[in-house]
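Structure 1 and structure 2, given next as structure tokens, are two forms of the same protein chain, each shown alone.
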Structure 1
């Protein structure tokens, strides 16, 4: 008897363990991986917009030795350039099919008559249309320009500028290039903005420094402080950017995590900026939530503080995705600055990160480089994600009816998706179905679009009912007049002499 009980017990425990382990596997799929914020800034969990199609470690990429704290990544066509910073080399892998990468090339040195023909801790790379490589050779303090066959062409050195500290060692960290071959660079310790070089290597100035802000109390404190205290106070200098990305229109997306919570809250600092050629911020911020990632910065899981935007990439349809190093999350915003979806987290499972450092996109797929995992995570859009992109593209292309139908499909998948309602509403607005559009806008509190629809609806209504309105107004004005006149006549008759007897 006792034996039977024991056996049943063993069976039960193993069953529980089985269920437990299967639950652990499903943990990534408990519906809290992807989320969005609604009008009330409440978290609304959503179906996944991206799904992991593979995590590629050094072995999967076919490398002879492990990546060592890789820092930078660049995608050109179907080639992925990885800066293997710790091993002083560049790794080039090619994406051959949906899910496979093969090693194409390992760049450890280059040809040309310069003193040093190798790299020292390369941190970023950019490739031009012609196949020229631009490499931020941080340890050697130079930006190299190599041709496609790895022949040395030229290099960009420390900018010659009187305002720069002459003792400062130049260490270029992140670079982007534009179509004319100009180079924009973020260098450690230089906070005057992006360093801009002409294509012949001459330094042509700093662009896009963040505006310096200080308030009155800061000023008073500075006045009262002694010389030593003043040195200890935070100095009012522009913040350094963490990373930059050149989009298809030639605008530079810049992101930074070097901002204080107060500045983010008050809007004095931006986590993400879009710079034009003059270095002015032209990012559109029409969303219901501010463009700085997570809204809630409370301590959770050992992480606190605002999102630290460490890298950014932008699609052809002006949707941009930013990478939060702090909580290991990705945030996608559309061209109006509205949050499309956010997903990710810190951890060791697929789709979670330990120290994500670089983000790139290949088509609509996203690649995230994790420097501690020494691996690339490849995300591909799910049906939900693709539908969102499709709806945005259709609307931009002027296919309003089709866009409305696509948003409807999005809504079928996720009924809590505010942008779907607004998308359907905008589509109806373009189809001049104002009354229906108003309902959709009202549901999601979009007052601007609602007013647009309502204005048209009101106009239509007045035009249709003009006769009735006219009659009513006429009646209100005329009837009291007539009544007054009748009373008057009655009164006159009453007091008339001929009726007095």
Structure 2
């Protein structure tokens, strides 16, 4: 059914969604470029959830020379670490409310007994709670671990594994660390999942490899083909991730754009995954639309194909935001996989991008690093966006009445926002106001929650009317017996009267 709706929807909405940045600029002129999808998968524009607080270029950051092809970014408290890849350095800036960002430090070398104490094309960085720096020094084929004073502690080298090509150059691209100091790495050319290192540098295996997908006819042909023909066929191998992010609970969000349109459309592949310690995907996907960004992929404005999820970040309320490198958009989802909003686009105006490569958050603010513009765009929530987050936080804290009231404020701003209706319904459900909750769920075709509310409402109704139900059932069963008995007695009396006469 979804595919049918999607195909019909393409004819009706592709002209709106896919004519490129020119349409995006028109939307901006109307004061909004934020949208969502309704139950029918139609595009619904909405008030902006985020606004641009500033765009900070190399000059604004106080740098002596411009950023050159920056590829990575990490936020630690009020500090932002930028991998200035082309200049072989790490730039550290501090956020100061009155001044935006000010230059804190430039790291071009480090101390310690090591042959090479400089960087070569660093692509990612992570900072531990103790202030230790983990740097994906891609050009030097290593992951560095430095202390807070930039002293060399150790490095993580190419994993020793018999399944890896011995001639493969180790090129660590993206990294995350957990609270125990274990390192998870994405390396170029290694598609077996995430490379996992223990805190002592020991390689401990691969985790989170994506499921292998293939066409059945190709599989049959590969079985029948000669050895030379097999060598020419594409191998059935897992997909390589583009980026990873470790949330506050220790789960790893992983995203990739290395998937086909057919696999996305059929559900055989996922653009976003949430991995537990065993590498299993535990991402909840209860939303009406799939968790892969834009639904419609027609050509327009020089862009085509599905969203390319290139980076991802997650808040403490389990809302996660993914960056679409293809069309320069940001997609925010809640912990149930429901799309909260999407915004952005490709272009040269504030709030648009030319080559976005990294996404981070600072509180509920979002930072996007643009490699081509060599700048950081800072987004802060609007009243509309803040109310959405507030309603989610209140519900998670058990403040169901307050959450419903906040969702009502969201609805007052945007009466077409489906999640406001569902949010009110969920708050009423938790308040045991089942009949009212059913009305809100019915309005937005939320069958699952409607069924939950109806089940509880039915149980509650039965408990309240049990006496009446008992009397009715008793009457249905007993009254016919009594009537029958009376008729029998009357019949016996009539017969007795006949014999007496």
Partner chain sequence: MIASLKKKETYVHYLATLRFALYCITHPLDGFWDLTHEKRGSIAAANTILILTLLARVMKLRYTSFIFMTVYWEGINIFLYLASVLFPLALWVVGNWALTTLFDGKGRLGQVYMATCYALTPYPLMQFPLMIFSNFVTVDERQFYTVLSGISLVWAGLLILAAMMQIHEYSLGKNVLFTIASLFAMLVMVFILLLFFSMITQGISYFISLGREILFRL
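Every value quoted in this text rests on a predicted model; they were computed, and no experiment measured them. Residue numbers count along the first chain shown, from 1. Just so we're on the same page, rigid core means the largest C-alpha set that superposes within 1.5 Å between forms.
- Taken from the structure described as the form predicted on its own is structure 2, whereas structure 1 is drawn from elsewhere.
- For residue 443, a C-alpha deviation below 2 angstroms is recorded between structures 1 and 2 after rigid-core alignment.
- Taking the rigid core as reference, the CA displacement of residue 483 between structures 1 and 2 comes to 9.4 Å.
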